[in-house]
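One chain comes next, on its own, written as structure tokens: the form predicted on its own.
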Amino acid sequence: MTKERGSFSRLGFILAAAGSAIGLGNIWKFPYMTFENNGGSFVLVYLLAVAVVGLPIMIAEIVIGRSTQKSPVAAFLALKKPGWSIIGWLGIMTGFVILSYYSVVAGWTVHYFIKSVGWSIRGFGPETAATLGDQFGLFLSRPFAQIGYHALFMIFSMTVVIFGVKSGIERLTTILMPVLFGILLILVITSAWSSGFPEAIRFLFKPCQISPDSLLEAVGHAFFTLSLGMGAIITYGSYMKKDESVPRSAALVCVMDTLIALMACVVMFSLIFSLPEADRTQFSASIGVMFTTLPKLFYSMHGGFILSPLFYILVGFAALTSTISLLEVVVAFFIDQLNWSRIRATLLMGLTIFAFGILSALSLGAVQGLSVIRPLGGKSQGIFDTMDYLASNWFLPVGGILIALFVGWILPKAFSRKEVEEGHGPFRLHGLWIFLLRFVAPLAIGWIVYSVIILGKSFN
């Protein structure tokens, strides 16, 4: 590897890749989906899908990145498969688009951390609780606040990426990931004292009936949660040393991602099941509930004045470890392909993504025209929702299918075996891994695409 690109240590790669995967989807989306799909059996299907869909594709992405030690587009060119570089181009576009609106939501966590500190100091009374929804709507309608917090989070991300792989990304994630886990552990332990904790545990692990729609949701989230299909794991894999085990590292990342999601479920469900049954409908799919309903729940608990600020720190850290991986995908391309310096690539692309993201920041009520526009008809409303729809329903699934097909069918088996065994030793599951990539993963992700095209479903 060149000096410009750098490399991860063993722990650094695992924590960085886990940080890329762990984000708002773990802390909010998975608990909501599990709640809506009746718990136990949904969780079991999700775990199975992570093992037979998510993990094989993650290993495949790391193999592509580490074998070439290049960013996504350059990796396929180095493998003498220029036609398949479309996967890399798609990954760069996906990272660009997702970061442009993800950093908007990430910025909200900074705002609500500040607000929660104020509530903890001044007190959180009934009047505050009654106006949380109105306050959030007003916050979304303030253009300078939306752009300002979006800019702040992009500055955080750019600062980390400018310092490079070792001094920036690895150094930050080796600090933030243990802190993130520690905060979540505190929340889990605290939730164990709530009246809803026993019911939360039963709900989370007790088998139940599961519908075909729930199966689809579980498979879809198992794929989406691991940062697959957008070049992030290929890029991080290109910074992995040759003496590290690809299968073990990928498995640890999947375990960490899943563990964080399950811990978040315990916290959320303990809060929800502590409420009267009539009030549990407050738990909805909207990310806004994190800023309108959860504060009331936290401040209803003993120690809520500490737990609420801790929660927003947790969510902010999870978002930051994801935004830096999204930015790194784009930056690595310009370093590898155009020989730009890291500082130049980070500043120019970070500012470009920020500028593009202003459209999303203003499309949640701040600017009427951007908020109501429907470029895809009834599929989405507003620029923010449109970007999310395109990335989640098209860019990511198509990228995932192509990666599975490429490593499963196009990349020579002898080559993939050699790469996966370097630093690991004999990989006795190589045949099973190839089978999953050739048949199971494409069919599972193809089901997602089919449901979007034919059944009209949407993911976000």
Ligand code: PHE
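Numbering starts at 1 and runs along the sequence shown. Computed from a predicted model, the values in this text were never measured in an experiment.
In what follows, reference is made to the form predicted in complex with ligand PHE, a form of this protein that is not presented.
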item: Proximity to ligand PHE in the predicted bound form (heavy atom, within 4.5 Å), stretch among 269-277, 341-349, 96-104, 81-89; value: 96-104
item: Option touching ligand PHE, based on a heavy atom within 4.5 Å in the predicted bound form, out of 361, 330, 265, 230; value: 230
item: Contact residue in the predicted bound form, from 449, 443, 11, 24 (heavy atom within 4.5 Å of ligand PHE); value: 24
item: Contact label in the predicted bound form: residue 116 to ligand PHE, heavy atom within 4.5 Å; value: no
item: Exercise: residue 71 in contact with ligand PHE in the predicted bound form, heavy atom 4.5 Å; value: no
item: Touches ligand PHE in the predicted bound form: residue 76 (any heavy atom, 4.5 Å); value: no
item: Ligand PHE contact in the predicted bound form: residue 180, any heavy atom under 4.5 Å; value: no
item: Within 4.5 Å of ligand PHE in the predicted bound form: residues from 313-352 (heavy atom criterion); value: 322, 325, 326
